[in-house]
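Given as structure tokens, the chain that follows is alone and in the form predicted on its own.
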Amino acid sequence: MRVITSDVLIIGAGLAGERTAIACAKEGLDTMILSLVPSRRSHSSAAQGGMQASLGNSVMGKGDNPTVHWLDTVKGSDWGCDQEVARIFADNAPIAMREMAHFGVPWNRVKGGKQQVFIKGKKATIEEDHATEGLITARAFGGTAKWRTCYTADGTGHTVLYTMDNMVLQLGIPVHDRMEALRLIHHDSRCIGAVVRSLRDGELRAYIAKATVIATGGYGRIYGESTNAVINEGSGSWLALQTGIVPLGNMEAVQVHPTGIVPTDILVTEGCRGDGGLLLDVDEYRFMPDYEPEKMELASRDVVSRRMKEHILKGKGVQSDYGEHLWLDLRHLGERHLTTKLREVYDICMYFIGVNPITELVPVRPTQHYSMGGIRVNKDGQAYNLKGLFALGEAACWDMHGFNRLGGNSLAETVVAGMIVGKQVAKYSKKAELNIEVTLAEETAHIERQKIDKLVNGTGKENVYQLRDEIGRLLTKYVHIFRTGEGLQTATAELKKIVARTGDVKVRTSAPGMNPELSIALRIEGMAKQAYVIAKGALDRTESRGAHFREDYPARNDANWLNRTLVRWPVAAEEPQFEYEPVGLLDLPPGDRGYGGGQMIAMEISIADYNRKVDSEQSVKGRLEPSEPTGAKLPKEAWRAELEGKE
């Protein structure tokens, strides 16, 4: 078996992985990236709308600052996020956006003078200051007090990823693509790399490094209907779960995006609504102001999706051969706007569903979109319980999103976390030794060889495609926007059976390398187990918080559930182990989000008492000590002046 060594091994070549690689390479470390696909085909390139950062250059962003951004993020998370991590993110996002401009990202810029825009669905005139002309501008996104979403038309992910990949090339960082990490190499609570399979020829290799970083994106394709790329099947979080000791956090926190187009479920960006797009029902009536009179179409994603589904259930959906949907109206934005600032949306509608958004309504429905849950890490990006393992981006539960993320925050998170975590990876790698334990690597590879041999040459009877479809149907039916105890009981019972059935899969295609059936067969156990912990975590959490909405428990229960779910799956165990930890230090006390309505059950202990237990309880759950004490980056009550200024 070939053994390849480096200082830093990064699994995933999207924005989070490449930004981390840049940080490490700039510190002089030998850095290597692995990717399922050529790096510019990573799912980061599909992101459309933009990245949030409190630059305050536009007149509609005037007065914005990191504290206001932080307030929006904490409220958007429904108080489920780590408030210190959210602060680290908000403080560093402006730095990252300007750095991206320096790297070459062609951000849309402020144009001085009067501009015609749509605000809350109505045409308005704003006047941009000529003094800020040429600076990075912003558009409106849901759940924000200010316009702060930096963008490049509606191709932000594409332009930023291509720019980042150019930096990777300039720095000479090797990217080994069409490679899939199958299992982490670890011993005595230390990770030293991964066993990897070449998708070209089936060769198994061992990549050994001082630090291993997982940046593989989310697990959206576990669902039957998703906006995610087909490669987003939770392969990175499965690497962590199968160690038996690294927990996943908040797996039941799954975001549904309001505007997946019908029937393909391809996303059309929140920038459509930010730029003035309207949601209409079967009667072409604009219904969101009835539910959310303040935020309207720009409430947070969990709220808009829930309101859309609620309206459909009232009989106001549009009937179609592909199920009920609603309409997204962009016609009033005009041809120029749709073919420039929303040109990807225009192309997607024209080429994938044959709808011209300049003259026609766009059919949309809420569709699974984002994974708030992932590999649980501390604020430095270090995984719980396993030294030498880091994770960031959608694969990680860092946790700045809690139970609902705001649009534009995750794409920004990739580069901000890449800056922050990348520095910590470099710092760790400079002190660590490179332990080339070939015997351990060979033993780990042997497990995978046996698994492949059983799949190809065994006597199994299960069809992997059928299992995958069954998982997707169960999640879409029972673990979606509205959840009930009865439905979640059904999902967990059926998914547990599927977990058992994954051990009886037979691969009928014998090609060793480019073999999609074998690739899915190698992932199906991880997909089934992650689907199970999503459903079981949702069943056990008897409250509603953010994207997790229980019809039988409609209140957000801060008395019993102001915590983060942790789940491990011990090796050879039939059942996972669920635990809970505090969400982190509370600076902004739990309160009303300002949209979405809903009931709240208040905390029964004081903020001070809650905060006193954070460090000790998280450490017991496996959190490694961060580089700075807990709370060091959380300015105490900086939010108070902002809120008092509004009163």
Partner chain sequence: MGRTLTFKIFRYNPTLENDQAHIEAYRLEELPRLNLFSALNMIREQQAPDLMFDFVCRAGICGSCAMMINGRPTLACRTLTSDLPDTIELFPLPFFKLLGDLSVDTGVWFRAMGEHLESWIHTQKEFNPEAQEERMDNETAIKIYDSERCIECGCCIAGCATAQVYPDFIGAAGLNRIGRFLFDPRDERGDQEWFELVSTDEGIFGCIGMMACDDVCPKDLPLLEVFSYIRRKVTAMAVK
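These numbers come from a predicted model, not from an experiment. Positions refer to the first chain, counted from 1.
Another form, the form predicted together with the partner chain, is not on view; read the next lines as being about it.
- Three-residue candidate spot Gln48, Gly134 and Gln170; every residue lies within 4.5 angstroms of the partner chain in the predicted bound form by at least one non-hydrogen atom.
- Residue contact check for Pro366: none of its heavy atoms lie within 4.5 Å of the partner chain in the predicted bound form.
- Although the partner is absent here, Pro357 lies well away from the partner chain in the predicted bound form, with no heavy atom inside 4.5 Å.
- The partner chain is not drawn, but in the predicted bound form it has a heavy atom within 4.5 Å of Arg508.
- Contact annotation for Gly271: none of its heavy atoms lies within 4.5 Å of the partner chain in the predicted bound form.
- The candidate stretches are 336-344, 276-284, 80-88, 384-392, and the one lying within 4.5 Å of the partner chain in the predicted bound form by heavy atoms is 336-344.
- Interface residue among Asp380, Glu324, Glu525, Glu517 relative to the partner chain in the predicted bound form, by the heavy atom within 4.5 Å criterion: Glu517.
- Just one of Arg468, Arg306, Arg197, Arg483 comes within 4.5 Å of the partner chain in the predicted bound form, counting any heavy atom, and that one is Arg468.
- Along 202-236, residues Arg221, Ser226, Thr227, Asn228, Ala229, Val230, Ile231 each place a heavy atom within 4.5 Å of the partner chain in the predicted bound form.
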